[in-house]
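One chain follows as structure tokens, the form predicted on its own.
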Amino acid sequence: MENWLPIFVAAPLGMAFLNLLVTKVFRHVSSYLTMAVVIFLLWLSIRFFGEQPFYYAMGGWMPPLGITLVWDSLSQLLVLIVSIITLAVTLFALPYMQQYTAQSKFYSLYLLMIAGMYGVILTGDFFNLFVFLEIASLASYALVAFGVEAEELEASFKYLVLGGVSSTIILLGIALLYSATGTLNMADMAGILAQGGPKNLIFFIFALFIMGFGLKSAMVPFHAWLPDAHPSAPAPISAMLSGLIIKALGIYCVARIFFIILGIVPIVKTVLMVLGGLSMVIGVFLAVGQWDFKRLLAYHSISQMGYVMVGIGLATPLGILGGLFHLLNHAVFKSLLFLCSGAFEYSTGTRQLKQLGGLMKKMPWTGTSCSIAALSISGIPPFNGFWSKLIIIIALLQAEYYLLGAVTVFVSFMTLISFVKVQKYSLFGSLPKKFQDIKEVPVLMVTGMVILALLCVGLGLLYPFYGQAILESARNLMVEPYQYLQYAMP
């Protein structure tokens, strides 16, 4: 396995450049090359899931001087999530992106974004964390603007500016950590800080990272870029941004750095829970009044990430488990919802809910998938979203955060109201005359949506069978971070 680990980054990164060369001769193979890489990486992530943790020293240079990639329970979980969602989104993109020109450039940027996410998840040092974070971010800026319409260019520019601010803040935090510890290797840094460090400086670094990664994950009040960027991007990119990017570049980095490297402290836990609570409430209230389907989903991304942040910020074993479970669930049902919105727009030419209606009759596969995702995000049993929300609520009550627990239940109720509106105006009611001749989207788009819909059901019904194997080992690493030093250093 050690020798296979760099392939997660090298395969999509290499294919991103090879794709541009091959398509000079064979113009229509970029989608097939991308699909081959995505399937291969999914096979790798499943094949080696559950392996004992280890590190890979690039070029044989041992840590802390050399560059390392680390395969532990937390990175395994995120790699598996990225691989599954990427497969479904890529299947959807194959026919969907045929309505755009320059597809070879799209798939190269798409592969760069995937490589950046894998790199952020697997890297064992802060320098390459920043490098891969920038690779994924720059690719996503370009992909948001891929349609080159005025709305898309404006959204991409806002995303670029705020993303640049975020990256600058993160880089400053990394520089200060290096000045305090003299190393960039995460395991080495964790060992040094465990022996004691300059507390005031560490608190300042915490504040920088909260702002920097808060922007990447679009937490309130750092969320201004997301409601424009997600609706403006092509549907497959909206699904990747909401389903994966804000997690891999935001929430995952918070979990890795705050808990495993720096060591979580009470004041930071409180800040994370406050930001999570604000994101839940503000995001859902902004979503309820939206009539643009994708913009409504964008605000719900802010709200649902609040659940994850509250669970992780609680820092109890049950709270962290609920946060990680909701991170997994949100990746599935929110990616599915964005794909469904893209399918509706693909067939009808609009994403305005008031202009839709009765689509369940003409698009039964898409409509059923959308209903399953809506029930999942609303926390209706037995779908996956119910169980992760329930775990977070129980964890809050056990920790005697009764008010925040009540707020969590209220936000879930408001989410249900929002998606009842979606169902009413898009799937049911009378079909407008102008849509009498529409039909279901192509089979590959349906396949991508059905995969995610089945996961929404399966993750809910089968949690007792897979929960311990997939989630609890990652939870244990965050609760007992000293384990990281045992396998990430020689």
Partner chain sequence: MLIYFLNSILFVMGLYCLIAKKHLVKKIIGMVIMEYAINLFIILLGYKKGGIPPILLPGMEKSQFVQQSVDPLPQVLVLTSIVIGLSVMALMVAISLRLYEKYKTFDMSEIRRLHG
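Positions refer to the first chain, counted from 1. Predicted model only: the values in this text are computed from it and were never measured.
Although it is not shown, the form predicted in complex with the partner chain is what the next lines describe.
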Task: Per-stretch contact check against the partner chain in the predicted complex, the hit in 333-341, 86-94, 174-182, 254-262 (non-hydrogen atom, 4.5 angstroms) - done: 174-182
Task: Contact of F413 with the partner chain in the predicted complex (heavy atom, 4.5 Å) - done: no
Open item on the list: Taking any heavy atom pair closer than or equal to 4.5 Å as contact, tell me whether S156 reaches the partner chain in the predicted complex.
Closed with: yes
Open item on the list: So, T101 and the partner chain: in the predicted complex, are they within 4.5 Å at any heavy atom pair?
Closed with: no
Open item on the list: Residue-level contact is defined here as any heavy atom of the residue lying within 4.5 Å of the partner chain in the predicted complex; does Y141 satisfy this criterion?
Closed with: yes
Task: Residue (of I267, A406, I417, V161) lying close to the partner chain in the predicted complex, criterion heavy atoms within 4.5 Å - done: V161
- [ ] Consider the chain as shown here, without its partner, and state which of L80, A194, L397, I169 has a heavy atom within 4.5 Å of the partner chain in the predicted complex.
- [x] I169
Open item on the list: Let me test this: is every residue among F127, V131 and E134 within 4.5 Å of the partner chain in the predicted complex, going by heavy atom positions?
Closed with: yes
Open item on the list: At 4.5 Å, heavy atom to heavy atom, what parts of 347-379 sit next to the partner chain in the predicted complex? List them in sequence order, or say none.
Closed with: none
